[in-house]
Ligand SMILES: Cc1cc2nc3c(=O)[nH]c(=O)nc-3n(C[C@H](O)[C@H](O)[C@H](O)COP(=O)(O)OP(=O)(O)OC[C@H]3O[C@@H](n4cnc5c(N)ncnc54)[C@H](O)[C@@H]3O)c2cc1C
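Only one chain is given next, in structure tokens, and it is the form predicted alone.
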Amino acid sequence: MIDFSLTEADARLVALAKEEAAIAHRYARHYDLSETLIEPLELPEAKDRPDPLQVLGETVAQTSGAQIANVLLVLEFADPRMRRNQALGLGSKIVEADGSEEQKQRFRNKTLAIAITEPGAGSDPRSVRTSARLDPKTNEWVLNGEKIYCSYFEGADGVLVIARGSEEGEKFLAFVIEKGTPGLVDARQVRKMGIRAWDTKDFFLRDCRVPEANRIDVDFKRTMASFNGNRPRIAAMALAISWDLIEFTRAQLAGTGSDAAPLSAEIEYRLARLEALHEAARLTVLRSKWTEQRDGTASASTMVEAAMSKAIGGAAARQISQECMAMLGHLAVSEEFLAEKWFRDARIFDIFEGTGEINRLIVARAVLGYSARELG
């Protein structure tokens, strides 16, 4: 039996994260209305407060484990965040896993985003069309293509690009492209419906020359497995936002002070159902991280649990946000409150880091024993 009760160290970390989220909410409307801005490395109030991630590192032995404790912090997510954790760059993690010793040393202190998604190749990496051709005269690779929705691009030192080799038999290749490389042309921040403070950019590769020393000899399956660790985090962000909406809805409908009144039986029932849905999705996220701690990020069991948590968490956030907005009535659309922002924010979490449909396919293939070719 898995026990998800918090340790004292877990509880302290969660309390710190809750306090940070409450402070970050003060900046939410500012960044929501300023689409060209991305969240700063830290908000002004951060300098006088302990960093929960640093506290986690110092007390990890007293927690439920690094993976579980980390996602407990994410379950208090706010947009913008008190601190933007640059260490989250998936490109950096892949270099650390698959790079040579020289490459690991060279890029160790750099934050690298990862770029897979392209127009027409969102959830299916097999459709990647960015090309990489080796120029034997210079021993450089020439890359051409377009990448979209690249998280952390502006705040990163470079990007790990997944491309398709031009020679027969070459499937996927990976290259570290550092900022300032000729031919790497970044576009503006992507205009988004929600989480507008999130660093998201498109960019082009136009005869972009990359030295052979920057080609990472990746195992593509292992590269894709890196998303197993991130999918539950995305689901946790979705659940953090939807919980904010549940709490706001309950508080607004109950009223305060002399206006306070018991909620009707119907509203209580509807809120209780949403709270139960939220708790079920939250436990799914925690179980996936428990599995990751036990079996590792690249295991088949972690892949299935991560896909389940992402599919369930994204769908739960969408249902919770829709029903809360229906109960709130006119309060739902007023910019005086953050409800309408949270509603917009919640929509993205059923899409990015693998759509709900793709994650359900991952689970179905594992349960039924089908390959991607047999069930796609």
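Since the structure is predicted, the reported quantities are computational estimates derived from the model, not experimental observations. Residue positions are given as counts along the sequence shown, with the first one as 1.
One more form of this protein exists, namely the form predicted together with the named molecule; it is left out here, but the text below deals with it.
Residue Ile195 is the only one of Leu205, Met82, Ile195, Ala236 with a heavy atom lying within 4.5 Å of the named molecule in the model of the complex. Ile351 is the sole member of Ala326, Ala66, Leu37, Ile351 with a non-hydrogen atom within 4.5 Å of the named molecule in the model of the complex. When the named molecule is considered in the model of the complex, Ile116 lines it closely, a heavy atom lying within 4.5 Å. Mapping the unseen interface onto this chain, Thr130 falls outside it, with no heavy atom inside 4.5 Å of the named molecule in the model of the complex.
Proximity of Thr200 to the named molecule in the model of the complex falls within the 4.5 Å heavy atom cutoff. Although the partner is absent here, Cys150 is a contact residue: one of its heavy atoms lies within 4.5 angstroms of the named molecule in the model of the complex. With the partner left out here, the named molecule still marks one of 187-195, 100-108, 300-308, 209-217 in the model of the complex; by a 4.5 Å heavy atom cut-off that stretch is 187-195.
Taking a 4.5 Å heavy atom cutoff to the named molecule in the model of the complex, the contacting residues in 358-376 are Ile358, Leu361, Gly376.
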